[in-house]
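For this one, two forms of the same chain are given in structure tokens, first as structure 1 and then as structure 2.
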Structure 1
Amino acid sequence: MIEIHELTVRFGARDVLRNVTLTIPCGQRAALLGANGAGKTTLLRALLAHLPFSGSAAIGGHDVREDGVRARALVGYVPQTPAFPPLLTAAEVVAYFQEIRAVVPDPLPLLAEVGLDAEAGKPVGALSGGMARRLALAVAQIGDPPVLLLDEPGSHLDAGGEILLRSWLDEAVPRGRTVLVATHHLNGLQGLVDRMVLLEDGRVRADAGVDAIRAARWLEVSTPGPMPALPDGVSVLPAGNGVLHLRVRDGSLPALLEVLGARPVDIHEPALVDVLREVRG
């Protein structure tokens, strides 16, 4: 559904994206991970043909530059910072985008779905950040698009909005939706995506399915010496000052704790991106 081949974006003398190649098939939910400045937003904007790039990109078989109208018609997009006309009401914003999508204007059902029916007559400029984010989620659903591009969708969402977002991701597979969600942290959403792609310095550094990532997870345990007889699945990491630093494969922690007995332990779970870098894909 989404095909990207050697996509490069250059701002001046700097390559913001370099030879990015990705294929996200129909019905897959992929998380695009990376720190701020890694190029995540730039990649989504390139998919919408909002900026020039070399290489190629297509959505649903439609080249995003040569056949951009048809490509974008397949997409529901939640930008990192929604920017709606501040004097329009929430209902007017939804109705406006419904007309653009050739959908009969009827904003109230969509606003009710995101919990904004009581705010239908309120100007956008008077909405809180969380409400504006919910409005962006409502607009992205217009026409039931088969592709969702979500840029930091959990940012500024309240608890109710996060529940709504999780339900979107949960329902994406049975509805056949393809999802690309860009974020620098998943906020508990990793159980609702099928694949994780790590973008660093404008390049794809790792790409793996969640099952492979889950199987590769480990824990790091620090405890005072001396060295005991270590059970299977436990290895020694560099440490000093008489402290043992151990890497513990998933499932081996109970056996290690039994060996350590009453010793104090400090258990640390590595960052998701560290696991992803190791898996690579």
Structure 2
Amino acid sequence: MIEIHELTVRFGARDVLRNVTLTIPCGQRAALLGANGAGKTTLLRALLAHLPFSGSAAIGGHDVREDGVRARALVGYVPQTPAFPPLLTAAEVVAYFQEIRAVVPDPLPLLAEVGLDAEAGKPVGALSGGMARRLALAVAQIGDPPVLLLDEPGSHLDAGGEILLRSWLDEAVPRGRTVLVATHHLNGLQGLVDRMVLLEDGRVRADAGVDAIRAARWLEVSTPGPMPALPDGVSVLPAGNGVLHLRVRDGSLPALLEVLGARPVDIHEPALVDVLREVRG
């Protein structure tokens, strides 16, 4: 379980995170969403006690500052930009972190799992961005930690890497892992998280379960004017140029299409983040 209470991080005169309170229970996979600079990476780094903060944070009941070694023993972390001891090979990096976590060094099976067995002898400096990301995923699995903190884990990954990440997140549920994924887009991760938390300007703006978000979801319909008599469950969104933008709640679409008759229509789903903003939780 991850517990964050009134956590504030200040860089100079600027509050990067403001009074963030969040509890992620055991076995839940939560996505931490937000634009660049919203404070996602800072929150993950605060959970690892990499920077000073006020308030409190605990992982598995261990305060991340007072009892940091025990807290970090529960965490597998994939940083935003993975970097490794520069003079080691991929296999040595895995062996190094295995030894640190008191796991018998045996890097090859883990490297094979992330598709890097052929790169085992390569210096880490020679790995591509995607390979470095895969290596970071391998390192984060060492010791089978019950909590995963993933910072933009999908960036730089090729299709194979994304499949690997998806299967990894899929497996998190039966293994009872708690996952916090920071990302500015949900591409590839939809359906793999149970909850979404939206950070804006260092504050939690919205926080809801995926089921609640799905239930609140609507469709958006664009069609040329004029305005018809709208059925129940349909509202008007701001628009221009003689085009109508309508928000249609679940189940109201057939009635609306009947009203619109033969008019051309464009139906699309809003971004999940927009729905999340309205649900708030």
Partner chain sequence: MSWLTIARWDARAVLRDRWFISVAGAFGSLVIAAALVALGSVDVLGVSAFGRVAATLIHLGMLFIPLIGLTVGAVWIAGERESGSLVLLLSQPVERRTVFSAKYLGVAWGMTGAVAVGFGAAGLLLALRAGTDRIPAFLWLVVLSSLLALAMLATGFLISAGSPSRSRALGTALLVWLALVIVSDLGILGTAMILRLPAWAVLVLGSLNPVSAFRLAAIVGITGSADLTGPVGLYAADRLGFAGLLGALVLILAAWTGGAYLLGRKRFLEAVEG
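Here, a residue number simply tells you its place in the sequence of structure 1, counted from 1. Each form is matched to the other, and the largest set of C-alpha atoms that superpose within 1.5 Å is called the rigid core. Worth saying up front: this structure is predicted, and the values here are computed from it rather than measured.
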Point to revise | Label of the structure corresponding to the form predicted on its own | key: 1
Review point. If you line up the core, does P52 shift 2 angstroms or more at its C-alpha between the two structures?
Key: no
Review point. T41: CA shift of at least 2 Å between the two structures after core fit?
Key: no
Practice item. Look at G261 and decide if its Cα position differs by 2 Å or more between the two structures after superposing on the rigid core. Key: yes
**Study point:** Angstrom displacement of the CA atom of P226 between the two structures, core fixed
**Key:** 3.4
